[in-house]
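Here we start with a single chain on its own, the form predicted on its own, put down as structure tokens.
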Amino acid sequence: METIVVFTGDRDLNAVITATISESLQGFRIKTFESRHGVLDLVYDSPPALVILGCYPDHREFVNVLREDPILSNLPIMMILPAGELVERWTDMPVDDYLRAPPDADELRMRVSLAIFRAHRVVETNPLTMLPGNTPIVKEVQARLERGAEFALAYADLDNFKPFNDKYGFTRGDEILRMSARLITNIVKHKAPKDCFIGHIGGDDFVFMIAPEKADAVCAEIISGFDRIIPTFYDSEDRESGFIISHDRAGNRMLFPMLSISIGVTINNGAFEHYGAISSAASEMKKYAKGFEGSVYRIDKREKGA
């Protein structure tokens, strides 16, 4: 069930908004907050479908924190302006829509529905992880190639993810995808904050771009963190045995080891001219990495065209 966060700083306004949109929106859980405490934790743990904010100076900082985070930068945000407040004072706020307090019930319901509808239609953002999807990934890679930037392109995916989903269900599988997105994002931003990029191709496939000299350290830390966290997603019996019994793609019952992550990296040294070429090289390295047991990364450091 998707969540709508209501954080206006006004208890009565929270109640009005909650009561109004609850009448028309089915399948959404509404969480209200009267202070900033706990809001970021909820948003980071499970990105909501929409955030409705009040108009307060500290909310400007709150919005900026969300917009600067690669996972949450496209999160739909609506601001409720006090009666008589000039919109011009807040036009530099990177929110998606404004309404005045007290909001008209019909207009509020319509605006909220439209905000969620637009967010669901934006295929440029993965709805599960809120990371940039295929279109912005291609654009970012191509832009770097066109300006002759040196960068490492990494493709990562999870090994044996389908058998895990078959046994434990998609809900737990989605939790792993969100964890993986957060893990990759945190490590990339910490280790290589300058000119980094993280995207979610779809399913259990991720991509990130970093400075070439950071590739080894970033990949090693992602693998270490993933292997440390992943056992917590298994039931105790499977965790102790180190494997699960599930089905392969042909429907055969088999033993599968715990989930691992494989990362293939290629480095642009000026020889790649378009997205297809460098993407193919990174995919080849990822396939090579998946040929090894457990979590592995492999970096293609060969001189292209040599």
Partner chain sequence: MKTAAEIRDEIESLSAIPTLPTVLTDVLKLIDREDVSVNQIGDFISEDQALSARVLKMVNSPIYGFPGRISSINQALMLIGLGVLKGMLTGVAIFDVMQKTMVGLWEHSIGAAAAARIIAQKAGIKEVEEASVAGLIHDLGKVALGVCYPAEFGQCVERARAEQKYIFDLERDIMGVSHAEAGSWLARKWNFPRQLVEAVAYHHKPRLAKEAKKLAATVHLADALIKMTGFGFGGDPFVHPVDEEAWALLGLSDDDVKDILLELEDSISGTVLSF
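The structure presented is a predicted model; accordingly, all values stated were derived computationally and were not measured. Residue numbers count along the first chain shown, from 1.
Here the subject shifts to the form predicted in complex with the partner chain, a form of this protein not shown in this document.
Of the heavy atoms in His190, some are within 4.5 Å of the partner chain in the predicted complex.
In the predicted complex, the partner chain sits within 4.5 Å of a heavy atom of Gly225. Although the partner is absent here, Phe233 lies within 4.5 Å of the partner chain in the predicted complex, judged by heavy atoms. At the 4.5 Å threshold, heavy atoms of Ala143 stay clear of the partner chain in the predicted complex, well away from it. Every residue of the trio Asn186, Ile229 and Glu240 has some heavy atom no more than 4.5 Å from the partner chain in the predicted complex. The single contact residue among Lys214, Arg109, Lys167, Arg182, judged by any heavy atom lying within 4.5 Å of the partner chain in the predicted complex, is Arg182. The listed set Asp104, Glu175, Asp195, Glu150 contains one residue whose heavy atoms approach the partner chain in the predicted complex to within 4.5 Å, identified as Glu175.
With the partner omitted here, the stretch from 109-117, 95-103, 199-207, 167-175 that lies within 4.5 Å of the partner chain by heavy atoms in the predicted complex is 167-175.
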